[in-house]
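In the block that follows, a single chain appears as structure tokens, in the form predicted alone.
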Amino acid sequence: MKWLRFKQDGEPCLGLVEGSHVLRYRGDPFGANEPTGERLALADLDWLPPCVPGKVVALWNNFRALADKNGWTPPTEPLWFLKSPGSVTGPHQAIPAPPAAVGRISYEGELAIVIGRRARAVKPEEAASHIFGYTCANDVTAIELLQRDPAFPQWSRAKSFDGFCPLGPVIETEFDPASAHVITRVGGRERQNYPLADMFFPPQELVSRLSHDITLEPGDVILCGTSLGVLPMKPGTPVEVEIPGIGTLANLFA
């Protein structure tokens, strides 16, 4: 099932995709919900991020190909940081370019895990029951700001400007990451195409391990990290992150 959120008459709404239409629901995708009977065209939607995370946890060095290219040591545990929930934006929304003094900005096409029920110190074999589904993400990064002060790498600041976490277009509840690829196109040109099977820590292991560090709540998002092909982008450039089986997340870096 593909769940999404959209705005109607100024109010956020929940919907379930059915072909080229969406069935409007009331309630909570992670709890009680029911259809309203209203059916709308997908093409007419005013899209919102598919969830409203209280936390956005993001991974660094989680793909073998990128680690091999850069000479990074394979991690023995997930290496994670937090992005501000305020950086989340939805499909077809602009990613605002920060002031020029911030420096170059890069895209990072990624798979995102959406938590469906509270996870605290869960076992790996139990982790799947805490995953509601998956969506596409763009972990936008101020790459020069990140290491500007050699005494203090600025992970959260470099990752948390307004609009630096596009999510969407939908949350797919029936998705197998093991056989899927992430494809990122910048200005219409393919820049990333990498297999999700290349992760050091696949989704269920990530949920289990992270839940021993912090409690994960419904709607929280885990960005699984990125692989080869990350480059700076210029203002005015369209960026698309596609994961077949989920959809295409399209935004304009403005």
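Residue indices: 1-based, along the sequence shown. Here the structure is a predicted model, which means the values were calculated and not measured.
Unshown form predicted together with another copy of the chain; subsequent notes refer to it.
In the model of the complex, another copy of the chain sits beyond 4.5 Å of every heavy atom of residue 27. Heavy atoms of residue 213 reach within 4.5 Å of another copy of the chain in the model of the complex, making it an interface residue. Contact check for residue 153: a heavy atom falls within 4.5 Å of another copy of the chain in the model of the complex.
Residue 106 falls outside the set of residues with a heavy atom inside 4.5 Å of another copy of the chain in the model of the complex.
Taking 78, 133, 177, 169 one by one, only a single residue has any non-hydrogen atom within 4.5 Å of another copy of the chain in the model of the complex, and it is 78.
For the options 143, 82, 183, 94, the residue carrying a heavy atom within 4.5 angstroms of another copy of the chain in the model of the complex is 82.
When contacts are defined as a non-hydrogen atom within 4.5 Å, all of 55, 157 and 160 contact another copy of the chain in the model of the complex. Here the chain stands alone, but in the model of the complex its contact with another copy of the chain, taken as any heavy atom within 4.5 Å, falls in 160 to 168 among 135 to 143, 160 to 168, 108 to 116, 122 to 130.
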